[in-house]
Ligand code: GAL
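Taking the form predicted on its own, here's one chain by itself in structure tokens.
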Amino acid sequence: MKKTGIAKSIALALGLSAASVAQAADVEVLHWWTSGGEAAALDVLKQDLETQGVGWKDMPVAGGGGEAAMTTLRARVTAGNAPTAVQMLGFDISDWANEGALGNLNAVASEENWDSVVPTALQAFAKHDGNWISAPVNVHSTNWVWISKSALDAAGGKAPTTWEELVAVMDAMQANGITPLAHGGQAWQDATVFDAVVLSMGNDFYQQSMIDLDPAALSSDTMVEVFNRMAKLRSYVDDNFSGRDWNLASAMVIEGKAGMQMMGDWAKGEFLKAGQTPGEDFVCIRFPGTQGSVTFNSDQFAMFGQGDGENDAQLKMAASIMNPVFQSAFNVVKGSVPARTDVPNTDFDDCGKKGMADLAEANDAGSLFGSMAHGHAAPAAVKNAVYDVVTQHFNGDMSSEEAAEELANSIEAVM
């Protein structure tokens, strides 16, 4: 499905009018949704606001993990010229709230009763001192593997459920002459895979190492084994991976050049945009060993510099983001699941339905964890320390034993 087709489909679902409305105010929106499916879905939010007289000044900053966008944001704020609305993740939201930079969305949140429909895990970031400071768009889960159905069939046809089965499938794909693992050599992508490998060692280990930041867990033999498995995964990646954007890695799987990709559920949007169907063209599974558990992040829009001339437009934007129809339509395309618990799964494909069911199961079981790689397990300084060690190891600059020791030392140094 082409970008314009996606946008039109969502617009029809929302019942948006094509009429031109005089724009009473603007929101300048800083975000990193620049791939085809992401940009198309975001464009519908823009159209919705335009029908309400709110102009949209787009400020995209490419980079799937948002690091470049946050660097740009810091420069804008330092210069006294903050955007009015900014896409953010996890502890980045908390950090800006602690600086007193974010506006108050209580007026629309109270009127629309966000407290009862937004999961508690998201509210931990969307609220500060009891006040709503951001509007969550979605919930992404990050411990997914996206597998080419044809490549899997050629490798035996059985989706792996354990580490040993995963290795066997990738060995078979390699023997069949394709790259087993499509990956982009960027720190946040390395850390996304690392997150999943850590979680596969058990919920308690993920809690102890990535959330509690226990030095003993960080430097343990189990963490050495995590790095050993990362090195094994590196052996299945092609030599041209350095700097590759995540969506280009997705394209390798879509085009049959690679067997699988380990990436959050935003990758599904690329498969759908290419006209592929879950179960027929690609298979979605949890990273082997993490079944029943979920690492998540949540894209949210926080509002900066609310003044008398901006508040109304920003509140309208927040209300549009939380519109249940938009939440469903956007997340169907984006690959994520709604940030509201009252949105039905009717329009979601099989992978979307699985994502919603997995999220509910993990939430009930206490196995829903904020993703370290995506800023929901620890503050940015810790996340960046993890990035540095994981990427150095993945690029072969240190042994697994050295990496585990350095991970513990680096995190201790920034706490």
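Just so you know, these numbers come straight off a predicted model, no measurement behind them. One-based numbering along the sequence shown.
Although not depicted, the form predicted in complex with the named molecule is the subject of the following passage.
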**Report entry** Interface residue in the model of the complex among Ser219, Gln87, Thr84, Ser293, criterion: non-hydrogen atom within 4.5 angstroms of the named molecule
**Finding:** Gln87
Query raised in the report: Ser209, Ser134, Gln261, Asn297: which sits within 4.5 Å of the named molecule in the model of the complex by any heavy atom?
Result: Asn297
Query raised in the report: Taking Trp32, Lys334 and His374 as a possible spot, do all three reach the named molecule in the model of the complex with a heavy atom inside 4.5 Å?
Result: yes
Report summary line: Partner contact check in the model of the complex: of 115-123, 196-204, 150-158, 87-95, the stretch with a heavy atom within 4.5 Å of the named molecule is 87-95
Query raised in the report: According to a 4.5 angstroms non-hydrogen atom cut-off, is Tyr236 in contact with the named molecule in the model of the complex?
Result: no
Query raised in the report: Does any heavy atom of Trp163 come within 4.5 Å of a heavy atom of the named molecule in the model of the complex?
Result: no
Query raised in the report: Would Asp48 count as a contact of the named molecule in the model of the complex, using a 4.5 angstroms cut-off between non-hydrogen atoms?
Result: no
Report task. Mark Gly352 yes when one of its heavy atoms lies within 4.5 Å of a heavy atom of the named molecule in the model of the complex, and no otherwise. Result -> no
Query raised in the report: Using a 4.5 Å cut-off on heavy atoms, what residues in 163-190 are near the named molecule in the model of the complex?
Result: Trp188
